[in-house]
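To begin, one chain is listed below as structure tokens, in the form predicted on its own.
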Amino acid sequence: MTTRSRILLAVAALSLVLMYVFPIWTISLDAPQYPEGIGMYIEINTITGHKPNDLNNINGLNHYIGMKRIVPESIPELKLMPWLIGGLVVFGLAAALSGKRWMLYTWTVAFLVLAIAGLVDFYLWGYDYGHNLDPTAAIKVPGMAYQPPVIGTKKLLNFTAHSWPALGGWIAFLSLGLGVILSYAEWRRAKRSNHTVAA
């Protein structure tokens, strides 16, 4: 790898440390009875409300429609994620220090697989919460499911749900994008070098 690629890879890996500081995802709900909106942040190892009581309020709303309570301590992915991100930081720095292309490619592919797996898991998590409802719930609307969007906006009864990456999530996407660009640039450089040697 070139010196510039190694520096940029180190920056991409180190930027992931910010995911321990800033929320990764945000889900918010707008409704006439909540003019200021309520919402929650998905952080690397927990879920918190946008405001101190928001998570309790969301769990209260969920109770009426039969949705399970959101209990961060019971979500295994939140225990696993700090270790996975930590592994990406360490391996990315090791790849930058070594300058070996195969380590850059491995880091990028592993990161891409983790990102896709994370989004699929997020979808399945939302599906479970939105579809597997308590049949004894106070409010039942035949055929209605309450799955929030993975990304974007969706109308759920009189609520409008918004789901978007938060700052930590955008940093992860930028880091992954930089890894993809560096991998492609290094692959092209290696290919040109091989052609020059062959000629």
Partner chain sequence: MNPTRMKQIGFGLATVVLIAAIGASCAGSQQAGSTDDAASKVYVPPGQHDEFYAFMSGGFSGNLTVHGLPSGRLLKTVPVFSQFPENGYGYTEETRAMLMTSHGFIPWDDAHHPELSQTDGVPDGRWIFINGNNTPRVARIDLSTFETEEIVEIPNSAGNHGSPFITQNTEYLVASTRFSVPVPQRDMSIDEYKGNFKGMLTFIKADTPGEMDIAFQILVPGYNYDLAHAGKGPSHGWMFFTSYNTEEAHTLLEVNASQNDKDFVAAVNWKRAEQCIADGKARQMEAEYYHNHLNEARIAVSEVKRSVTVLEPADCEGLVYFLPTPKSPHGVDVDPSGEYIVAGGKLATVIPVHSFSKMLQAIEDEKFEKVVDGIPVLQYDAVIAGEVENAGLGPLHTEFDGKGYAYTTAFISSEIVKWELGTWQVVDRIPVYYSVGHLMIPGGDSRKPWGKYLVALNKITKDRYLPTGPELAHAAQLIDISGDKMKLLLDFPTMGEPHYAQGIHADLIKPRQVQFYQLQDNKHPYAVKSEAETRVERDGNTVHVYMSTIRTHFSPDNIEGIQVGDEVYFHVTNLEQDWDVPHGFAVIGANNAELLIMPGETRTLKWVPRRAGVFPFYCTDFCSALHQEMQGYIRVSPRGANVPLAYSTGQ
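Residue numbers count along the first chain shown, from 1. Since we're looking at a predicted model, the values are computed, not measured.
Quick note: we don't show the form predicted together with its partner chain, though the next part is all about it.
>> Tell me which stretch of 170 to 178, 149 to 157, 33 to 41, 126 to 134 has a heavy atom within 4.5 angstroms of its partner chain in the model of the complex.
In response: Stretch 33 to 41 is the one.
>> Using a 4.5 angstroms cut-off on non-hydrogen atoms, would His63 count as touching its partner chain in the model of the complex?
In response: His63: yes, in contact with its partner chain in the model of the complex.
> Taking 4.5 angstroms as the cut-off for heavy atoms, does Asn57 touch its partner chain in the model of the complex?
Replying inline: Flag for Asn57 set to yes.
> Taking the shortest heavy atom distance, is Val141 within 4.5 Å of its partner chain in the model of the complex?
Replying inline: Outside the cut-off, so no.
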